[in-house]
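Next up: just one chain, as structure tokens, the form predicted on its own.
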Amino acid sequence: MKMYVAGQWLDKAQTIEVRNSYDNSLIDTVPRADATDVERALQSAERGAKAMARLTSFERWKILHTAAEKMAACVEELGTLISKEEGKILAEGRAEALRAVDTMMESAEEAKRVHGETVALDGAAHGRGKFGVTIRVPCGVVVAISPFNFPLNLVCHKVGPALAGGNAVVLKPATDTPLSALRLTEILLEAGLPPEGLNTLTGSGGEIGDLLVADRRVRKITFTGSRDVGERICKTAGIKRVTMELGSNSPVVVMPDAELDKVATAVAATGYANAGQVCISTQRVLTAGKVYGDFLDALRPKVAALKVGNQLDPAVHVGPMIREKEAIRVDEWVRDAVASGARLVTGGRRQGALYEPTIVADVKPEMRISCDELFGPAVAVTPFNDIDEAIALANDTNYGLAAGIFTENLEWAWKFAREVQSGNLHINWGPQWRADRMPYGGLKESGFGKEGPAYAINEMTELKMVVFHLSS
């Protein structure tokens, strides 16, 4: 596929191969953008920002609504493309495509709701004869940098609200999974988006990322990815508005009154979807000592039953990781934990980029499989004595994106919600759950700012205060 820069679809002599991580087969190639392409894209985005700002809310709604309808008409195509380039199973690819439709439709609706409010200035001691109103205006040029693990829906979470707010976007999709973003670009243009309202650059973040985020013409950056890359962006960006959706090592707390079969079902669903490559995957299962053995007995057969293989085979539950080197890394972390005294309950085998769904028990909090972000198909199980220790263990991390608890005790549930340092909290389900319209974002080093179209638009618009000084 070609990339889209300054209103044109471009090929280049230097290309990047997009490969299926299951069998390493070539899916397509995309151009490798360089500094010249970045400059062309930013010049185009400046012009595009003026064109987007001239559109009415209704016109932005119509473009995004039409795009969502076009996406809905080709869900099977989009879902299959996601599965091929990312490695998630077909059911998950289709589910992501359907969610992306909803995200774009929500963005369309929110385009009509970009508004300010009146401010009661006469409430100030010197406010007689003053009338105040706030208005929201576009930021201008938004740089959107998206990850590989949700190559369509997370692009929609950035591009949809940015366009709804009247901005122009320079999109840099993940190097491993650029095809879904390019297909979305085609759809938006077909839906009537101004030709320079969106530029989509394909290339290495290491080669063009700093150029994009450091440029003074960029007013807003929205990034989803690793904590380390997020920190680099923040240091490079300078004085800009920034939304960071970074990593996590999400905990689940299993209290002694929990229904263990329900917990096991939830952990099997939320710990291994997309081969564990979800920033809110269940990673740490903190389990009350009274039910520790019974919980492992309930969880083991559910995880062992997950079939691993070709993501395009409808019978497969877990596909390959994005690259073989990531599966090698997960295997090393599991082996390190076992060598340090943890116990392998099931799984722990690798074949190429495939890694078996794995349970590691008796994990100490300082082990890397617990204290760092694994981002793979394994969960670490650790015992605790009471709710205070469980909360302390849950909070013993630099991250704070999502957490869950299983209990029928209202006081325990509320204590967990109040005291666990996480942006998303789930009672009687795992942390890997998201409705695309809810405010979504983390605490601590999991980032700042919120996604969800209604909330993202506030991040992607500027608030102006207007004061009328009236004579009477």
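Quick caveat: nothing in here was measured; it's all calculated off a predicted structure. Don't overthink the numbering: it's just position in the shown sequence, from 1.
There is another form of the same protein, the form predicted in complex with a small molecule; it is not shown, and what comes next is about it.
Using a 4.5 Å heavy atom cutoff, P147, S248 and E373 all lie near the small molecule in the predicted complex.
Residues of just one listed stretch (385-393, 232-240, 362-370, 284-292) have heavy atoms within 4.5 Å of the small molecule in the predicted complex: 232-240.
Shown alone here, T185 lies farther than 4.5 Å from the small molecule in the predicted complex, counting heavy atoms only. Though the partner is left out of this view, K172 does reach within 4.5 Å of the small molecule in the predicted complex, counting heavy atoms only. Contact check for Y440: a non-hydrogen atom falls within 4.5 Å of the small molecule in the predicted complex.
Using a 4.5 angstroms threshold between heavy atoms, G79 stays clear of the small molecule in the predicted complex.
Only one of D210, D336, E259, D122 lies close to the small molecule in the predicted complex, with a heavy atom inside 4.5 Å, and it is D210. When you look in the predicted complex, the only residue of V381, V141, L401, V267 with a non-hydrogen atom within 4.5 Å of the small molecule is L401.
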